[in-house]
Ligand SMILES: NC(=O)c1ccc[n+]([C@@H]2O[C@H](COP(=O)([O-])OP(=O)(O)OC[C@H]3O[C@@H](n4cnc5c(N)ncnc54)[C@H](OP(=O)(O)O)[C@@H]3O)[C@@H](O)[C@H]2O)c1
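There is one chain below, alone, in structure tokens, taken in the form predicted on its own.
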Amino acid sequence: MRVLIVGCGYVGFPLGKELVRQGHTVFGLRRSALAADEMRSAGIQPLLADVTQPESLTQLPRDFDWVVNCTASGGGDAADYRKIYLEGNRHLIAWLAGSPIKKFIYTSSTSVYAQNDGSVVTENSPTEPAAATSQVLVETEQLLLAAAAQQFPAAILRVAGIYGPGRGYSFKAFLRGEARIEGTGARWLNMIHRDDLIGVIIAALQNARPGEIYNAADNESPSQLEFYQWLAGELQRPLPLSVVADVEAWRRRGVTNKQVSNAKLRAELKYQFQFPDYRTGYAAEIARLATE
């Protein structure tokens, strides 16, 4: 297959390397040429364009079988999200119209679920987030689902918190001694290892049905307390200090308390996780750090 990866960064670059290893012809689209040599050395053909500037796409090839949009906002505000995700996907849909594309995968976020009652959420659960950035992600999903209804082959992955080499907010805070247990630590955490996200994206390219949404999270949602207790035991460090849970601050930051189910992903995409839970994933990361 000829594959285009839009946003060839933390997830997109190793995704491209794996697709090259599997024998696909891979193109990586980025806004800057800084990583072009690195991409070429990995067998990925670099393309230079900015999805927020549709005119920059017009001179690029369009004969792709698979397209993955895994662009990242870099932590911007709602205006940045609207430009990169909503308008960026709108520009890609228009640019790819009439092309031979067979599958378009977009990596959204489980932040579209605003549930705070600890409940299990599935792809059919309400998506009514309080955070303005997550509201833009809901709009972006609606755009893609509308396009899919008009025969554009888009499917959506709602991705939990990504961790892996150099990534993992709670883990890095623990290593710095800055982690805190909020209240009783009962809030649920949802995550996925980067290598599993890569595997899930490839499974979605192969098996996802256009117009469908899949939760991309591992098999287990630990509580915050459980997560830190395990890390403390593995690293022989004290538990983080406890602080009063500030529910209003959670609401402003879009912090939620839910358990994201991946049952549909496992049933339909037939993906077998390398790191089915945080223990196996972080044990691998701890071992990697020990060799540095």
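This one's a predicted model, so the numbers in the text were calculated from it and none came from an experiment. Residue indices: 1-based, along the sequence shown.
Just so it is clear, the following notes concern the form predicted together with the named molecule, a form of the same protein that is not shown.
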item: In the model of the complex, residue 104 touching the named molecule (heavy atom, 4.5 Å); value: no
item: 4.5 Å heavy atom contact, residue 76 to the named molecule in the model of the complex; value: no
item: Proximity of residue 85 to the named molecule in the model of the complex, heavy atoms at 4.5 Å; value: yes
item: Contact label in the model of the complex: residue 179 to the named molecule, heavy atom within 4.5 Å; value: no
item: Among 203-211, 143-151, 217-225, 107-115, the region lying within 4.5 Å of the named molecule in the model of the complex by heavy atom distance; value: 107-115
item: One residue of 265, 29, 231, 44 in contact with the named molecule, assessed in the model of the complex (non-hydrogen atom, 4.5 angstroms); value: 29
item: Selected contact from 198, 159, 189, 121, since only one has a non-hydrogen atom within 4.5 angstroms of the named molecule in the model of the complex; value: 159
item: Full three-residue contact with the named molecule in the model of the complex, heavy atom 4.5 Å, for 15, 17 and 164; value: no
item: Stretch 35-53: residues contacting the named molecule in the model of the complex, 4.5 Å heavy atom cut-off; value: 49, 50, 51, 52
